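Next comes just one chain, in structure tokens: the form predicted alone.
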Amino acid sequence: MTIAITAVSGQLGGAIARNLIETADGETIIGLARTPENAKGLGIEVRPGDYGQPEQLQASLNGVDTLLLVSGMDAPDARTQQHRNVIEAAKAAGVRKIVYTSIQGAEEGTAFSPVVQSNRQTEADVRDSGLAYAIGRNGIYIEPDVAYIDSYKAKGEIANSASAGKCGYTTRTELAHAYACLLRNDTLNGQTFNLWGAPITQGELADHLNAAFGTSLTYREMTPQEYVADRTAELGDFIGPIIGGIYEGIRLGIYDVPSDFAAAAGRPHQSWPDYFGSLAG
């Protein structure tokens, strides 16, 4: 079997590719990237994979049996057509199965909702493609909070608008394992899986970070308006409100729902004490 992974120069696509390479059992693993030179370090064939170039995509997907479609990073209205380009190219190239990396989130009422809606449309397009498929809905990456530890430390707190809401976080390493299973295991075809670990509050996140890094962080609740203004000031007018919308979804309980990780991955998601314990020291 030949498996292709799109966006292998990115963090999630690269993590999935590395998992497949390390666990390969006779499969051929191929990467696709908009700029193939950026993914040379993977040690596999990397073909051009610009979501905006349908003919290029079809040529790069020739000979591929199973495709992992990593959700794009463009604006929601552009992403939907870009994903359709990949799906149509896969069909034309004779791909048998598509696995799509979707997301969880509030489908209405937040600044993140247009992104979620565009993913839901791609989920529908995948289901309607006529190909075998599996869909994962990713949890919120926890790695950015870990990478932000110095900023948290400087402020002595985590401050956002999540309130007491619980969030189903995940890691790219755990997602890579789950997607490798979805790509290889045809008994999982035709299903959509929630992929995250045990949901935790922001206070619990602070406790885990304190245990791992020896900090004394506390959690401070901000209003949604305050948090959007804070994120917009740091990240700009496009990303700032989107981040605010994610935390509004956490506050509303959108991210506190059961996970299907074990059903997809064949084992439970790594526990948060184990994950943060691996960071300590």
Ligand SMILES: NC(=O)c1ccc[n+]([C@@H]2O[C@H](COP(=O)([O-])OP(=O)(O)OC[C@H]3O[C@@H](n4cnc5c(N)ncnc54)[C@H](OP(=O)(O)O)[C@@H]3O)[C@@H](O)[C@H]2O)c1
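Numbers for residues come from their place in the sequence shown, where the first is 1. These numbers come from a predicted model, not from an experiment.
The protein also exists as the form predicted in complex with the ligand; that form is not presented, and the subsequent description refers to it.
Only one segment in the set 213-221, 228-236, 65-73, 22-30 has any non-hydrogen atom within 4.5 angstroms of the ligand in the model of the complex, and it is 65-73.
Within 4.5 Å of the ligand in the model of the complex, a heavy atom is found for not a single one of R120, K166 and G249. Remark: Q270 does not count among the residues lining the ligand in the model of the complex, judged by a heavy atom distance of 4.5 Å or less. Heavy atoms of A4 never reach within 4.5 Å of the ligand in the model of the complex, leaving it off the interface. Contact annotation for Q82: at least one heavy atom lies within 4.5 Å of the ligand in the model of the complex. The ligand in the model of the complex is approached by I103, whose closest heavy atom lies within 4.5 angstroms of it. Applying a 4.5 Å heavy atom cutoff to the ligand in the model of the complex picks out A7, S9, G10, Q11, L12, G13 from 1-28, in order along the sequence.
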